[in-house]
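To begin, one chain is listed below as structure tokens, in the form predicted alone.
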């Protein structure tokens, strides 16, 4: 008699196949397009492979400019957000003040609000201050996208540090500044780094804010990809997508090693 297959095993394989089909499949298709010099129906794979479209895209001046603009916006917005949000996260974790929990939930509510409508309202305000179509206008509006990562994850990290460690250092004569630098900060550093990486990657791929606030003078990589995707040559957009995806995926893997799911979940605590 043959071995009976567990129904749970069958369900697991079906779920894995669905994930490959709906998640890995589109990514793999874009990667293939990036290296396909000739791919016509009904062939399942390209009939000619090469780097011709890579040479074309990497030789374009607008691509180099878009890459530099995207990196500058992501770095500036994420660093500015860290300078603002990390001290606020420490206050949420260590201090008790009226309205602390509702204010912390307000950051989550801001992420749940339809972003496109929010950015339109911000654009109306920015028009009065001549920030539309400027680098700093895009940077400021990108701060909205970083709040969830830069507030909740650091708050969870600071909250997870046992107060006894800090109290012991204080009892030994260390100042509060030294305790923060030598005890608190090293303990929270992995989660802080993970929050920075997640916010950086999210800013790097953001489209709506760049389109509404930056157009037509500020064109980062996602906006350039959007314009190229409407053209006949699909490989152009595919090459740019791979250029963005590879470093972003590497950064996300790094953030996963730095931060556990338990750390994120503890941010929901009181």
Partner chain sequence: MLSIRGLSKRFGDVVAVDATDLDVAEGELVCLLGPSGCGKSTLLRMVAGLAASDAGTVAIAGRDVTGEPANRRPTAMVFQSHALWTHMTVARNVAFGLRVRRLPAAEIERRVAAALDLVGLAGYGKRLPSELSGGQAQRVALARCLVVEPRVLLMDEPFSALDAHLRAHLREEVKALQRRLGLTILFVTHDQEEAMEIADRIAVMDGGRLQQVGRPGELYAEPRTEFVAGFVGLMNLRPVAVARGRADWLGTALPTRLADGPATAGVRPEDLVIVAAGGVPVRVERVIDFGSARRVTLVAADGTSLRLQTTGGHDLAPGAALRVVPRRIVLYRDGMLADTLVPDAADIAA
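This structure is a prediction, so every number in the text was calculated from the model and none was measured. Numbering follows the first chain given and starts at 1.
Here the subject shifts to the form predicted together with the partner chain, a form of this protein not shown in this document.
K.L.:
Just checking whether residue 101 would be counted as a contact of the partner chain in the predicted complex - the rule being heavy atoms within 4.5 angstroms.
P.N.:
Outside the cut-off, so no.
K.L.:
Looking at the partner-bound form in the predicted complex, is residue 183 within 4.5 Å of the partner chain by any heavy atom?
P.N.:
Contact check for residue 183: yes, within 4.5 Å of the partner chain in the predicted complex.
K.L.:
Do residue 187 and the partner chain share at least one heavy atom pair within 4.5 Å in the predicted complex?
P.N.:
Yes, residue 187 sits close enough to the partner chain in the predicted complex that at least one of its heavy atoms falls within 4.5 Å.
K.L.:
Hey, in the predicted complex, does residue 96 get a heavy atom within 4.5 angstroms of the partner chain?
P.N.:
Because no heavy atom of residue 96 falls inside 4.5 Å of the partner chain in the predicted complex, the answer is no.
K.L.:
Name the stretch: of 79-87, 145-153, 165-173, 128-136, exactly one has residues whose heavy atoms fall within 4.5 Å of the partner chain in the predicted complex.
P.N.:
Careful reading of the contacts points to 165-173.
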